[in-house]
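As a starting point, one isolated chain is supplied in structure tokens, in the form predicted on its own.
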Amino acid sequence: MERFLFLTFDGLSRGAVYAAFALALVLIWRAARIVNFAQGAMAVATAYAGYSVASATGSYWLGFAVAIVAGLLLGAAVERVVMRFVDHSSPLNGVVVALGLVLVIQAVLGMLYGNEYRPAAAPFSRSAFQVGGVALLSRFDLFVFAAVSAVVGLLGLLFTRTAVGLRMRAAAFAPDVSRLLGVPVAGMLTLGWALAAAVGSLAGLLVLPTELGLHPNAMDLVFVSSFTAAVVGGLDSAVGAVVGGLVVGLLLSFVSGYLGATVAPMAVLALLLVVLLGRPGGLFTRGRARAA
């Protein structure tokens, strides 16, 4: 029972990070109908920026803020400089460009920082509290839950309570009509990419201290798990991304705890396969609008 409780809380903590990263994928999908396979590499790039600032100044929180701002700028730059000029007549074009962007970012990071793992600092202790002899959550886990909850709440307010959020939703679902109504669709698309990259940067900062550390390829497996979470919940659903992230986190924790860490990646891929075969739109997908 003690082991079960420990694995449950560990899975929820890990799943909260996957939920944040899945939210970034959902934001891009809803804004541009593209699965941004470069999201993980972009998150690592901004984490390196924060690492450089924190190392130079000795302030973790300054590096944290720089990484988030770098995410906003990188996301906007990728949309403005790269994705805006991609031919969207085929959905594969954006995927191929994103995969190429992964190789470019990882190569540049390798040249600048090398390919050795660097320690990723955590702002709070990762030692779990003991309750009745059972290790549950650490201060860092509580910080993860608070940060992800804040992001989910702020995004919910943005899209449901602000004019900017309404314009972003309109630009994503009916761009031609939105242009006729005076909505700057191109600007809303850039904003969507910027917000998604910032959320991805936050997820990277939260997950890297629990992994081996900073490395150009550090987010590859995290991206697979987060993509699975987004697919499980539905790429159109922010709520689904959160639920999917928690499901994937619990799955990884239980499989790693009871069957071994080497089996966990296969369990994630099996879950992805089952969802794609059984309900490809995701568990929280909505009914499609009539095309005619």
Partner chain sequence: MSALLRVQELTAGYGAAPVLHGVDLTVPAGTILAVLGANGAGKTTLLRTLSGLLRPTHGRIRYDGTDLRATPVEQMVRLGIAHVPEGRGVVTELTVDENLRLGGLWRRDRADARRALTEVYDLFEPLARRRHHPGHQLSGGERQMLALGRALVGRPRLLLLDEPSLGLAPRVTAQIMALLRTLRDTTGLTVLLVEQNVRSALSVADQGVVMSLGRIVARDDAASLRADADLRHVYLGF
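Just so you know, these numbers come straight off a predicted model, no measurement behind them. Numbering follows the first chain given and starts at 1.
From this point on, the text means the form predicted in complex with the partner chain, which you will not see here.
Contact with the partner chain in the predicted complex, judged as any non-hydrogen atom within 4.5 angstroms, is confined among 194-202, 164-172, 120-128, 67-75 to 164-172. Listed residues 185, 158, 136, 152 were compared with the partner chain in the predicted complex; 185 is the one with a heavy atom within 4.5 Å. Residue contact with the partner chain in the predicted complex: residue 177 places a heavy atom within 4.5 Å of it. Within this chain, residue 181 lines the site of the partner chain in the predicted complex, having a heavy atom no more than 4.5 Å away.
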